[in-house]
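Have a look below at one chain only, the form predicted alone, in structure tokens format.
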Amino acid sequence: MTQKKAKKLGLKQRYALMTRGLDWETTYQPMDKVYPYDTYEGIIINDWDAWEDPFRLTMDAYWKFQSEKERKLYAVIDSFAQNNGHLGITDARYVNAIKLFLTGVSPLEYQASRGFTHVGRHFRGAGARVACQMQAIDELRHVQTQIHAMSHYNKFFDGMHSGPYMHDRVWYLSVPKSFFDDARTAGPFEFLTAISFSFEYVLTNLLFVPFMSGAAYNGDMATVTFGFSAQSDEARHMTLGLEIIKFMLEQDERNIPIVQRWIDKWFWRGTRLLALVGMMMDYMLPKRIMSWKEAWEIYFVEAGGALFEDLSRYGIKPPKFAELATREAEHISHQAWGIFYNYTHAAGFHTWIPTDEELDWLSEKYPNTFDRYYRPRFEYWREQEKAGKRFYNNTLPMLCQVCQIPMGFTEMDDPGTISFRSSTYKGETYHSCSDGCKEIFDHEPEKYVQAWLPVHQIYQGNCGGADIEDVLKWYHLNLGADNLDYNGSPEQKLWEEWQAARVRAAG
């Protein structure tokens, strides 16, 4: 007797059973008690079944797809390490971009994983829960593969030895950390607007595409391969981000003003965070692909313009401060590098004055502003350094209460004047760096008065002591190795010895 073979399920049936088929209605507890957080933000959902999963991916298909990508990625990472790939990069200065990425961006992947895990629990719609679960796993994979891809550098270069402490304590890393802390302490719909839409859909290309291209151009094949491996995940996340926005907008027209306010807020917070990326592109890559301004034009002005034109049929307008952010693209990378040049003695990576060739490249890319406002500054600092007066700022800067960036950015229409705003709440004065950050503070002052500001914490004696050496030790930085100017650093000396040895070996 032959056993009848079970009929194989079609993709559509399997998807339905493994996602929507896992849904249930509670019986002994009301649904509002089981899912207490998906209504208080004011978002009205009339039909959770209208959620469309962009990729219709089931968990078994997900594991198969990702494991194949993993095999290819780790083959390249192993090859990079076995062949001493760190010797093939253009210049050891490039590794400082890796340090900033690894300490500033990689922990955000883990924060995103925790955030999606949390909000996925709190949606009563099965489609949204499954989508959040998939993305939570993606983000966890990203932090792991980023650390593995770049861990080879940790064997040979300084500043990558204590990521968890640095993420929680170092002053400039509070900028990306506070972005995700803010998102994760918001409601579930605002979290998705912040991360899935504003960050993943509107701004992620500004982070990943130029940085991965820069890695390729500078000989860092391990990081490039990680970027390619993550790109298909990012494409899925971007599509999900757009689906989330459209889902909320199509459910009820009363959702529109709430969503618009979140888009305005998180776009501005994202642009402040990406100031670090602009600095990396214009100053930290020895061989550059494009300027920050060019990347902004391509990935926000052109691509973002088309996106918001599409969303206008729902009543959504471009982010409130988009025009200001576009004007800032002329200035922000230079001003950010100036801040880090001043405070590199308190950072976990090195800075330097660009070479003449690099200054000429910046003049070409920023013909309207660089020679007028920034080149004279860098040339003056270089002269001071040659005279043995390399400048380090030993004062503590005021920080923006919202984005936590030192108040070093200027008014965009007047680059000689520091941009400075203030708000009063319960008799106390709070400072912000821009109209965008002030508006965010004024809408939710009770939230932002609780911000953990690194400079304030130092003044309060919560960071290891009153002297800068005490604070740097509390940061877990190795003084004289991780910090200070690149020129004269142990890293520069070691790099030059390696290159000399390669020349001798080549005959």
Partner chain sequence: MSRTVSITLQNNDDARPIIEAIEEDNPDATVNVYPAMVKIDCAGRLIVRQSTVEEKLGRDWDVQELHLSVISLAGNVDEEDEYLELSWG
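Take the two forms, superpose them, and find the largest set of C-alpha atoms that agree within 1.5 Å; that set is the rigid core. Model, not experiment: these values are computed from the prediction. Numbering follows the first chain given and starts at 1.
Form predicted in complex with the partner chain: not shown, discussed below.
Annotated contact segment (heavy atom within 4.5 Å of the partner chain in the model of the complex): 211-219, selected among 176-184, 211-219, 330-338, 418-426. Among residues of the shown chain, R236 is one whose heavy atoms approach the partner chain to within 4.5 Å in the model of the complex. Residue contact with the partner chain in the model of the complex: G480 places no heavy atom within 4.5 Å of it. Although the partner is absent here, A306 lies within 4.5 Å of the partner chain in the model of the complex, judged by heavy atoms. At least one heavy atom of F65 is located within 4.5 Å of the partner chain in the model of the complex. With the partner omitted here, the residue from V224, M407, A136, M412 that has a non-hydrogen atom within 4.5 angstroms of the partner chain in the model of the complex is V224. In terms of contact with the partner chain in the model of the complex, the residue from S232, N84, T355, N393 that brings a heavy atom within 4.5 Å is S232. The partner is not shown here, but in the model of the complex the stretch 43-58 reaches within 4.5 angstroms of the partner chain through a heavy atom at P54, F55, R56, L57. Taking the rigid core as fixed, one finds a CA shift for Y486 smaller than 2 Å between the shown form and the other one. With the core held fixed between the shown form and the other one, Y15 has its Cα displaced by at least 2 Å.
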